[in-house]
Structure formats: C-alpha cells, structure tokens
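Given next are two forms of a protein chain, the same chain in both, each as structure tokens and marked structure 1 or structure 2.
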Structure 1
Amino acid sequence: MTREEKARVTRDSLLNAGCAVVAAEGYASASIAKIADLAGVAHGTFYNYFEDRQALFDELLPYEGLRMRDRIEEIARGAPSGMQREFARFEAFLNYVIENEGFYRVLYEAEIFAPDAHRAHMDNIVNGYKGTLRRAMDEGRMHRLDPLQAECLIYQILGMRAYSAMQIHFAGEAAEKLAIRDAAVETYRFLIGRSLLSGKDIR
C-alpha cells in the first residue's frame, strides 16, 4: 500500500474502534487508550489523525451513519419503487439496529456527547429523504407537499424510526426484538401506505 492508503486504513481502524468502544461502554467511558488499543496502534499514533477525543467523536456518527445508510439503500434497491421501497428502508433500519446492537448507543448518546456529529448525521439522512420524496411526488406516487410539509413529514418518519429502535433496543430476548420489528413494520405500512403515499394531492 502507498503511504496514503496506509494512513486511510489506520484512520478507518481508529474510527471503527471508536464505534466499538462507544457501543460497548458509551462516549463518557471511551478513552483514547481504549480506542488505540482496540485499533492496534500506539497511543501516540491517535494524535496523528485526531486532535483529541472529541475530534474523533465528532466523526463517529456520520462515519457509521453513512455505512448504515449505504446498507439500507442497498436493500431498498431490491424492492419495487414506490411504497414498497420505503417500507423496505424502514425494515432494513430496524434490522440494522437488531444486528448492530451498539449502533443505538452511538446514535442517541451523540446528541449529548457529539452534537455536531449528530447534526451532520441528521442532515445526511434528511437530505436523502428529501430526494426520495421529491422523486415520489414528481412521479405521482404520493401526495404533493410543499417543501416545509415535506421536511416535517421526514422528521415525523424519523421519529417513528427512532422510537421503534428504542423499543427494540430495550427489549429482552432476540425473539421479542424480531416480534417488535414485525409489528412496527406492519404498523408503518398501515400509517404511511394508507395516507400520504397513496394519493396525488392533499390540497
């Protein structure tokens, strides 16, 4: 590998280690020493890539969030366009929470410990949804909304995602988590599929 490639690998290793440590112990307990040890680098090497612990925290959620978004979109592309694709996104998100148990902690503790990262992550998700809704409206697959209505809808959708993820996170057995996922997806289909996404105009 070139020097640049090695540097990129080391940086990714530190970010992956940071995600793992935060997922296991939370932001407050995620020390530079723990992160460097898990990444397999000397403690001093950390400072070649990040000014301090907060600088790494400020990149963790956008880094992991984009990985999550890419996984969700990969799954969604396999579903028919329209409502089925949005339902696939919702289910894929809940599956990601189930399969990556620590992601919930990385995501929701960031609002307190890394607010800039949380804002960047939300911007990434909201902007992705804006494009999705705009295409759906242009193709006549959902009610026409003005830009502010569309943005409000996005945040309401994200609220449903967030609280379904919370319900799954605090569930006990794996079977209970899967049952909650199935019920949440069915409820989402009912609420979204029979309202805004089913007609052409609400005005």
Structure 2
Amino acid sequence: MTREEKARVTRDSLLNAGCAVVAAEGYASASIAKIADLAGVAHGTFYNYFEDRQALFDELLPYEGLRMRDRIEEIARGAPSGMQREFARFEAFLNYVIENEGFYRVLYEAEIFAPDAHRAHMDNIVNGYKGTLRRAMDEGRMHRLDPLQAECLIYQILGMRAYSAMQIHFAGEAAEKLAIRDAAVETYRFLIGRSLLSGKDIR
C-alpha cells in the first residue's frame, strides 16, 4: 500500500468513525477522543487529516448525504416516470431512514452543528429538484410554476419528507414504523398527486 493509500484509509477511518459516533450519540458528544479511539488512531493523528473538529463535522453530511441520495436515485430510476418517480423517492427516503436510523441524526442535527454543510446540502438537494421540476414542466407533466414558487414547493416537499421521518423516528416498534411509512406514502401521493397533476392522471 502506498503512502498515499494509507493516508486515504486513515482519513476514511476517521470519517466513518465520525459518522458512527454522531449516529450513536449525536454531534454534541462526538468528541475527538471517541472518534480517534473508534478509528484506532491517536488523538493527535486526527489533526493530520482535519483542521479541527468542525472540519470533520462539515464533511459528515456531504459524505452521508451523497450516499443516501445515490441510493434513493438508484431506486427512483426504477419507477416508470415523472410523478411515480417522485413517490418512489419519497418512499425510498423513508426506507433509508428506517434502515439507517443513525443517518437521521447525522442529517437533522447538522442544521445546528454544521450549519454551513447543512445549507450546502439543502442547496444541493433543492437544485437537484429544480432540474426535475423544470423538466416536468417543460414536458407538460405538471403546472408551470415561477422559480420562487418552485423553490417553495421543493422546501415544502422536503419538509413533508423530514417530518414523516420524524414521525417514524418517534414510533417505538419496527412494525409501527412500517405502518407509518405506508400511510405517509399514501398521504404524500394524495397531497402531491392531486394538486400537481393539473387535471391529468398520475403517470
């Protein structure tokens, strides 16, 4: 293994350890000590790879967020098209949260502990959606909205996602979580489908 590879491995260990600790205990108690211990390196080593603790925190959300996004898009691509794809995305998000409980924490605590990264993450997601919406509008699959309204719509859509995730998070048992997921998907379909379709059928 070259010097460079070894460095990458160490860096990834720290990043993964960071995720694991934040997932388990939250940013607030994700100390360098815990992260370095879990990564199997000395405390000082941490600072060879990251400026400071905040620097790691700022990388956590992109690191995890992209993994989630890829997973979701992979699934969404399986859907026939348009609106169905959005519904698939919504469901895939909830599934992802159920299966990666810790990710929920990495994500929602980021607003507080890594606000810059969170803002970037939001912009990222929102911009992705803007493209999707533009295409749908161009192809006449939905109402035409001006840019501001499109952005508002996206934020509201993301809010629905996030709060359905919270609702699932509050549920105690696995079976309950799944039931909520199904009902939330149904509700989402109903709210979005009815309104955005401008009179046409869901496709």
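This one's a predicted model, so the numbers in the text were calculated from it and none came from an experiment. Residue numbering: sequential along structure 1, first residue numbered 1. So that the term is clear: the rigid core is the largest set of C-alpha atoms that superpose within 1.5 Å between two forms.
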Output row: form predicted in complex with another copy of the chain located in structure 2
Could you tell me whether the Cα atom of Glu186 shifts by at least 2 Å between the two structures after core superposition? no
Core-fitted comparison between the two structures - CA shift at Arg11, Å: 2.5
